[in-house]
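In structure tokens, the next block holds one chain alone, the form predicted on its own.
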Amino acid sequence: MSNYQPRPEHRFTFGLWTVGNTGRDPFGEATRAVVNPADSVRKLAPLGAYGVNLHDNDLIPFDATPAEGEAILKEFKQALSDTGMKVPMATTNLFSQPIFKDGAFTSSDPKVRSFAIHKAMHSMDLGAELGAETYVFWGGREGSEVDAAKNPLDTLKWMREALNFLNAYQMDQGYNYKLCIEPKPNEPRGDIYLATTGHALAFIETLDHPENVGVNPEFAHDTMAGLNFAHNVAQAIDAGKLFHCDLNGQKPGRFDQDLRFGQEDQKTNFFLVKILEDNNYQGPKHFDAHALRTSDADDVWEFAKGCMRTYLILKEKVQQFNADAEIQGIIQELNGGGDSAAAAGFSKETAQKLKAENFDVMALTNRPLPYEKLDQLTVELLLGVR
């Protein structure tokens, strides 16, 4: 993998909102021009990307007339056809418009909640028309700054009603979407409901059809909360719920930076790639990131190339890690002792035998655990000196 050239089979995807980001932030206006969605497709395809993902209004503006929407959609479909690019995932923008200032599915106004479901149904239709197989719900406005304003049990109920309705709608339409909840702890709301992967996994089990609802965890979102993203991805895999995965870069404790994948904390990114590759994750590897505000139009495509190239470099490092005899020997020494008494399950006989067993506590306490050596070897591998 010496040239780290992305190919469609790597299933790398970008959101139209990522490479199309204009560099605007809460303190400054845009530094780049708006990008035509069809042009994004034509730029990404020769870089080796598999596809593009979109919110409804990334493609068709909120205030577009039906005729304008049809023209935009026709041009976009032509770009997909010409390049072979896919649209694996779609979602709804339920956060930009002022009507959602107090939430969409969790707005205190039932009319706003109904409008959000109306908008999501139309967006699901659009995604299905473009071939999307996964549908993501990010509740950016589903939160609070004033806890006295809403009972959080009510907001969970409203969220459940909306997702149950939309799941039933898409099944009735024959879309066969896998639905995903994308957790985030805060921003733009002070506190967002379903803040982490664990929150989302627990909530999913309360839905009418939890079997086709999973999670779309994002590196930046978990890192903002000081969590270990690789651990949360492992929990989603263990639950059979990792339907989609957002990759980017983030410094802990900061605002949602959406940096280039691998720009920060290469070791955590390494273990993220490792858990995805070792477990044969087949879903899209989606870069939900933005070029820096200082980038010009050309530098945006360097950003896109960098996201994919870094993933492939780390994938090669995973292969080296898995083949390194010294590293694997230490891991085997640490974890090769077999199963605990609980592995075979409970029985009265096993319980009695375990209660009667005499353990050499001192020997177990003094067992060597060469974590320092193992971590140093990992760092040296990542730094390219092994």
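So that there is no doubt, residue numbering starts at 1 and follows the sequence shown. Remember, predicted model here, so these are calculated numbers, not experimental data.
Beyond what is shown, the protein has a form predicted in complex with a small molecule; the following relates to that form.
Trp138 is the sole member of Trp138, Phe76, Phe303, Trp158 with a non-hydrogen atom within 4.5 Å of the small molecule in the predicted complex. Of the residues given (Phe203, Phe271, Phe95, Tyr169), Phe95 alone sits with a heavy atom within 4.5 Å of the small molecule in the predicted complex. Considering the small molecule in the predicted complex, the lone stretch of 145-153, 234-242, 307-315, 254-262 in range is 254-262 [heavy atom distance within 4.5 Å]. Within this chain, Thr134 is remote from the site of the small molecule in the predicted complex, having no heavy atom within 4.5 Å. Using a 4.5 angstroms threshold between heavy atoms, Ser107 stays clear of the small molecule in the predicted complex.
Thr91 belongs to the set of residues with a heavy atom inside 4.5 Å of the small molecule in the predicted complex. With a 4.5 Å cutoff on heavy atoms, Glu182 counts as touching the small molecule in the predicted complex.
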